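Next up is one chain by itself, shown in structure tokens, the form predicted on its own.
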């Protein structure tokens, strides 16, 4: 039986509006570097984006249009944004972003269906009491059904956390209520709505030669092995790639062996949230940008050799809207130690492709040098 409400909602999203979209633009007002923005054959490039910023900041909007052929909803697709009250679905911002992408020939990446940090409070309480999978299943079906043109979905986000269980699964309400089968159940729920969408598990902390990241890689591979051997519909792996210079430099050997195991499972990879946290804010801007770009290149040197990489997405496009950086309290602490007493400051973390004025940095050139095209 067809869910009439869901089908009507889906048709409203897919249908072309007779009027210009709220987020549509007639032309680019911000000049894009013609060399960097040229169409090339290579790996598709995208960035996480917010609908509210596209509306409020024309420079940001134009930079997205100039460089990206794929957008990831930074917050708009998360459960606690969509269904803050049980049964009251708020698709306004999610539809805005999806329609903006559709109107400009940009693909939307589905992020994310199930994440322990985006569960609305009512769902948490209901799951504790009712212990019914239908609560989760209904939400997954709503999202995949409404946005059924989306090719890639992060079905489960960050299921691994070391140091708690022998299987490495993260303690969460999903694990508490449904046991270790909840990951498989979520993938099966998404597949039941769409036979064509590619379904992924998305994870972080997989890049460095550290004990905790060694354990995370091990448990993540064991999870993939269990799912594949059980015939669960899993198509690919999302590698968040939040690089962090405070950890040293990425480990090509560790990443390479990890990716070889993923390939053996017949899975593709997708770099989903690439950015860089800086270790030092005291050097010149050029020196800082060089260190960030070098870390990106070290990572991509390995990852871009993978036989089936579907895309590279950064978690944001510009330092103007980065989630990374020093807090005001940290800046004050450094000032007490003698830094920036002249009234200057470290500025923002410089771990994204564009600076705060939307100018391309060495980070972006690291992408293009690895065949990652801004506009496909």
Ligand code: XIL
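What you see is a predicted model, and the numbers here were worked out from it, not measured in a lab. Residue numbers count along the first chain shown, from 1.
The following text describes the form predicted in complex with this ligand, which does not appear among the structures shown.
Undergrad: Any chance all of 79, 137 and 199 sit within 4.5 Å of this ligand in the predicted complex, going by non-hydrogen atoms?
TA: No.
Undergrad: By the heavy atom within 4.5 Å rule, which residue out of 217, 288, 146, 111 makes contact with this ligand in the predicted complex?
TA: Checked against the cut-off, the match is 111.
Undergrad: Select from the listed residues 235, 95, 74, 213 the one whose heavy atoms reach within 4.5 Å of this ligand in the predicted complex.
TA: Checked against the cut-off, the match is 74.
Undergrad: Whether residue 315 contacts this ligand in the predicted complex should be assessed with a 4.5 Å heavy atom distance threshold; does it?
TA: Yes.
Undergrad: Is it the case that residue 107, even though its partner is missing from this view, gets within 4.5 Å of this ligand in the predicted complex, heavy atoms only?
TA: Judged by the heavy-atom cut-off of 4.5 Å, residue 107 is well away from this ligand in the predicted complex.
Undergrad: So in the predicted complex, is this ligand close enough to residue 115 to count as touching (4.5 Å, heavy atoms)?
TA: Looking in the predicted complex, residue contacts with this ligand include residue 115, since a heavy atom lies within 4.5 Å.
Undergrad: Is residue 172 close enough to touch this ligand in the predicted complex, meaning at least one heavy atom pair within 4.5 Å?
TA: Result no; residue 172 lies far from this ligand in the predicted complex.
Undergrad: Could you tell me which of 97-105, 156-164, 290-298, 186-194 sits within 4.5 Å of this ligand in the predicted complex, going by non-hydrogen atoms?
TA: That would be 156-164.
Undergrad: Quick one: name the residues from 228-248 with any non-hydrogen atom within 4.5 angstroms of this ligand in the predicted complex.
TA: Read in sequence order, the residues that approach this ligand (within 4.5 Å, in the predicted complex) are 240, 242.
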